[in-house]
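Each of the two blocks below gives one form of the same protein chain as structure tokens; they are labelled structure 1 and structure 2.
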Structure 1
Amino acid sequence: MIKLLLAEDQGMMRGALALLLGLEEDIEIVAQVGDGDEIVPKALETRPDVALLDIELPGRSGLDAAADLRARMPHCQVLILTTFGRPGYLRRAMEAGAAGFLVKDGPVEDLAAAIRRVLAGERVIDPALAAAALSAGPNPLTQRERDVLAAAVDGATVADIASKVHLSPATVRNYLSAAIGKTQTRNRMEAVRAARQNGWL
């Protein structure tokens, strides 16, 4: 049996995935979580073979949890399943050690087959997304620029951002200016939007 951990914040979607995948004769759902902070502790408790993770979760993102999970449980294969097929997300998932990346609009039979394939050591990536990621190129933002933009998401002031990321206001302005230039936008909120749309945040 393939032991599967399922992380999805939408209860109905999580329940439907668990029900459908549970119908497969060789897949056993050993854990279901709705918060990114629960992924690693639950995985350490239940020892899954494969972790099926959504990206946008309350608490930690599925991408952050994937990197930690791969470091702490190298035998557990990570498969990202998301609504948001953004090239930057694919690149970040691969950097985090994910073995696969699929969008949620595919049939459940393909998902079950992908679970089996990643457990067998294969990489499984949505072909259209792979092509888009190759044509999009790498993330132009540095980690600090991403940190500053992430802190600006809710419309925070420069002083608020500086406090959150432990930098001076002048340094925050410099990072925001660089991020605005690299995203080819006019202001920080447009830069945040562009970075999110590309999966860079």
Structure 2
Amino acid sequence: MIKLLLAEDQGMMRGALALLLGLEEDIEIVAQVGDGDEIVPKALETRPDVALLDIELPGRSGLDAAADLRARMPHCQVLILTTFGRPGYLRRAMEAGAAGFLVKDGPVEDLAAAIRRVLAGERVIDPALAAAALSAGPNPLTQRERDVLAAAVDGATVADIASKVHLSPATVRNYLSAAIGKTQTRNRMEAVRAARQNGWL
């Protein structure tokens, strides 16, 4: 019996997957969570064999939780399930020690199979996605550039960003300019978009 932890914020999706996977003969859902902060505690409590994690969650990101989980429960395999096949996400998932990476397109049937393969020690990754991740190269943005860019979502002005990140407005503009350059874009919005697109956050 494979003990599974399921982390997914969308209630309907979570419920549907739980019901579905519960139908499999050899799978038992031992925990369901809708918040990133609950992943590790619940895992420590229920000792699952596989953790199926969404990335975008309230609280901690599924990627952060994955790294933690691998460190604290090495026997537990992590399988990332996400809406967006961003190259940077895949890269970060691998760095966090995930054993598999699935996107929410693609058929449900793959899911149970992926869980079994992951538990058997295999790696499960969409080949096309892997290629994209490699061709995209690593994240060119520096830590501060990421911070500033992240603070620039939803149209904050330079002053807003500066106070959010505790920097001088002049510095913020410099970082923004650098980020715009590195993302090969023409302005803040495009830079933010490109960075999110690639999973560079």
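Throughout, residue numbering runs from 1 along the sequence of structure 1. Predicted model, so just to flag it, every value in this text is computed and none were measured. In this text, rigid core is short for the largest set of C-alphas that superpose within 1.5 Å between two forms.
Structures 1 and 2, same chain in two forms; the form predicted in complex with a further copy of the same chain is found in structure 2. Superposition on the rigid core between structures 1 and 2 places the CA atom of residue 181 2 Å or more away from its counterpart.
Shown in the overlay between structures 1 and 2, fitted on the rigid core, is a CA shift at residue 52 smaller than 2 Å. Residue 14 is not among the residues whose C-alpha shifts by 2 Å or more between structures 1 and 2 once the rigid core is aligned; its shift stays under 2 Å. Once the two forms are overlaid on the core, residue 148 shows a Cα shift of 3.8 Å between structures 1 and 2.
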